[in-house]
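Shown next as structure tokens: one chain only, the form predicted on its own.
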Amino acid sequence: MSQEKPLILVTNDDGITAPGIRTLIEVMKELGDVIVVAPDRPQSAMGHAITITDTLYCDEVTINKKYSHKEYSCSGTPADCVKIATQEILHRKPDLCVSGINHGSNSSINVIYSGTMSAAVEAGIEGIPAIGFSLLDYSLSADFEPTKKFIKAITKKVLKNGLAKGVVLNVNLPKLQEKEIKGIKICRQAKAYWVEEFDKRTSPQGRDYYWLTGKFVNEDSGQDTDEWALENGYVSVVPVQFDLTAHHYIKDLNDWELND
């Protein structure tokens, strides 16, 4: 890392005023120069959606007068925030993009739906080292204080060592006090899924509507997964790639001799 302070882009999917991102900003200000570009409202479970049919707004705002760094509230998705930050707001490519701290888990299959991780992935696509942070507590009154030590340690290592091209980190933190967290584990994504149901109801006007419900099923018994780490009191770190090619299956498809 050079003598110049690293430039750190901070974003999230819970909205620019969410307690999680305010905590993340505090930690990042200890490590570099911070610019915040985040959604103007909650954008959870947006995945990698981008805005192409609506007008996109991005306005400078002041959330906390005691801070001197600049913050921008964006009408778009988390991925939009990263795009507009790098193309329109920042004077140079940031040294790091951090997303979060999400209110709730983004472990296992949840990474697919996550707006938090999609912001990190978008940064990775643009060649920026990126980390998504999530706390296993969905409450707006969640205690983020115990996460600071671990977020700072992981971020410092990424700033020092960088990340491989095409790789971003998915970091999940258990809902525990700092002294109860056993450490940090490098993991793989658990093979787990949601069994989903729709709660069907009828409005007073006679129109049917639905609430998505379901339960999380983890059928992975491995002790090297993010789910195992979190259940056993560890911070999980999963390297995620945005190349979705199933490389192992290419040979099988070639054996189909599709051109015959």
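Given the structure is predicted, the values throughout are model-derived calculations rather than measurements. Heads up: residue numbers just count along the shown sequence, starting at 1.
The same protein has a further form, the form predicted in complex with another copy of the chain, not shown here; the description that follows concerns it.
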* Where does another copy of the chain sit in the predicted bound form: which of 156 to 164, 94 to 102, 139 to 147, 172 to 180, heavy atoms within 4.5 Å? -> 156 to 164
* Is it true that 15, 37 and 128 each have at least one non-hydrogen atom within 4.5 Å of another copy of the chain in the predicted bound form? -> no
* Heavy atom of residue 45 within 4.5 Å of another copy of the chain in the predicted bound form -> yes
* Closest heavy atom of residue 63 to another copy of the chain in the predicted bound form, within 4.5 Å or not? -> no
* Closest heavy atom of residue 216 to another copy of the chain in the predicted bound form, within 4.5 Å or not? -> no
* Looking at the partner-bound form in the predicted bound form, is residue 198 within 4.5 Å of another copy of the chain by any heavy atom? -> yes
* Across 37 to 55, which residues bring a heavy atom to within 4.5 Å of another copy of the chain in the predicted bound form? -> 44, 45, 46, 47, 48, 49, 50, 51, 52, 53, 54, 55
